[in-house]
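Only one chain comes next, encoded as structure tokens, the form predicted on its own.
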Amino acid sequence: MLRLLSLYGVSNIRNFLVGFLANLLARLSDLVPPFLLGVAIDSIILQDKPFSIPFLSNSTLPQYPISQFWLVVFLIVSSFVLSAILHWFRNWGWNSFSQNIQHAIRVDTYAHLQNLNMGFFDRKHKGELMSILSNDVNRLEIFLNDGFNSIFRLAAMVLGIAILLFYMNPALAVVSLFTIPIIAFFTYNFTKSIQPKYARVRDSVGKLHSRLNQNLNAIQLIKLYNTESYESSRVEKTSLDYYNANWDSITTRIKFFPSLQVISGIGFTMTFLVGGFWVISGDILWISPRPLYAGEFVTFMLLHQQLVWPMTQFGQVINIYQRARASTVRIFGLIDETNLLPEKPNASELVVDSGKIIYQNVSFGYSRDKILSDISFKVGKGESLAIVGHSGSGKSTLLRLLLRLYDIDHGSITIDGNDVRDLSLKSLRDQIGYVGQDIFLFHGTVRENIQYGSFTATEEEIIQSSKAAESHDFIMNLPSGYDTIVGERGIKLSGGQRQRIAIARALLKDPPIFIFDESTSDVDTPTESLILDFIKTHNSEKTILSIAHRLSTIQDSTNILVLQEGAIIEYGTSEELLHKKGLYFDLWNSRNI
């Protein structure tokens, strides 16, 4: 929590000071009415004491009871009005303080998250990450606004009331405050007990969100395979884990708060007993030789009651703090994640000239599983390289390494002689247009999805790229044309339509290097031929790497690379490979395309 405040609190110090000072002054203002009530009872109603008000000279005070009474009324009303104004400033200060920090830490956490390499996302559940970005960050608001505010508010009230009680009657103040050490002892034990329990709660709620997110994304699969009962049981188990962890923390809380109320009640009762006997008897020699006046006693009891309330609320503040602390641990755990793709401080900016790509003895594996072994090939401007092989042979991984979605384990990958690890990630990816087999469209319009990444493109350029991808005609037949909402992940479109929009997006970017990873697998053969013909005709100066669903579409490639179990077993033109009658020949005949 100190790290959180040091990183994000300093920049919001103005809001903090407004909230803090207004809070302090508001609490002092709240103490004025009970004190003035005691003065009115003793000096005006019972007339047991001379009329006097601290910080006001007796010479300036009225001499007649009715005038004194109206002065007290005016001061009480003024204190309430001042308190209301100060409370507004307090709420503005604390709310703006908490909202600014909450916004900043969410943005920073997300910015760091999207800079992590793909290996991190391969092993992390998306639902758990969403839980951190939403629930855990939102939980900070409760502490920074209500909890942090309450810490200073309660501290100001306890300190202010304690000083006022000792000012009025030191002996009775000792009786009133004797329960504070006991409350501190209970609070310390509660803090030690609840901290690990809240950590388990945050961990279990992350797993629950992950399970729900996964199941909602897979709802169609669940229905098709009639696994509703199976998934319900899995959700029930995950929910039960959260229930048990949360209930464990709840049982600890519900034992703690009543205990504080009992202890505070004992302090209130002792104050009433001692003070009551003192007023009745006139003096209690073993405590103090001076009398306790009725108005003074009423003020004392009112102030003590205001002291009892914050003492019981202090436990709630500790509870809020421990919840926020558990969330902060998860947030900074994500921020401290070091699974980053290293980028050199003096990384070069890639400017493609010849477009020559060379893989030299490249090996790569996810964790300990080796996927690619000793891969070497080259392709240049105006050339196209097609990669074929059985599923799981490493085709897609091979191309993703060029984009540095992952870093290779051995060897090198260069573009125009520049090792991709020496280049800035932005300039590298700016020079490559990628269309994958898993097409992602954002919830938004067709135009927004085509324009994504090329935000300054004109309407004419968008239409031209759509025509090149054979998508313009079907787009114009949609209800609102280019302004049609595609739905989450493009659910309102067919697989082929989504692929054509993704191709239009890549063509609009117009980079010197293209990667097509089975990007036309859902497109009918005639349409696919038209798209590929356009790419070959109008992008003759580009470097193109592709993985094809239909082998007939890559037979005109400059070279074809055949992968098997992560190693190159054949390399050459389609005609050369068919003549060798190896794996490519078998794949060609088995697909009969």
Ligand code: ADP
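On a predicted model such as this, the values are computed, not experimentally measured, just so you know. The numbering used is simple: start at 1 and walk along the sequence shown.
Keep in mind that the form predicted in complex with adenosine-5'-diphosphate (ADP) is missing from the display, and what follows is about it.
Only one of 400 to 408, 258 to 266, 273 to 281, 134 to 142 lies within 4.5 Å of adenosine-5'-diphosphate (ADP) in the model of the complex by heavy atoms, and it is 400 to 408. Out of the listed residues 432, 371, 301, 486, 371 is the one that sits within 4.5 Å of adenosine-5'-diphosphate (ADP) in the model of the complex by at least one heavy atom. A heavy atom within 4.5 Å of adenosine-5'-diphosphate (ADP) in the model of the complex is found for exactly one of 344, 192, 390, 223: 390. In the model of the complex, residue 366 approaches adenosine-5'-diphosphate (ADP) with a heavy atom inside 4.5 Å. By the criterion of a heavy atom within 4.5 Å, residue 396 is counted among the residues contacting adenosine-5'-diphosphate (ADP) in the model of the complex. Using a 4.5 angstroms limit between non-hydrogen atoms, residue 122 touches adenosine-5'-diphosphate (ADP) in the model of the complex.
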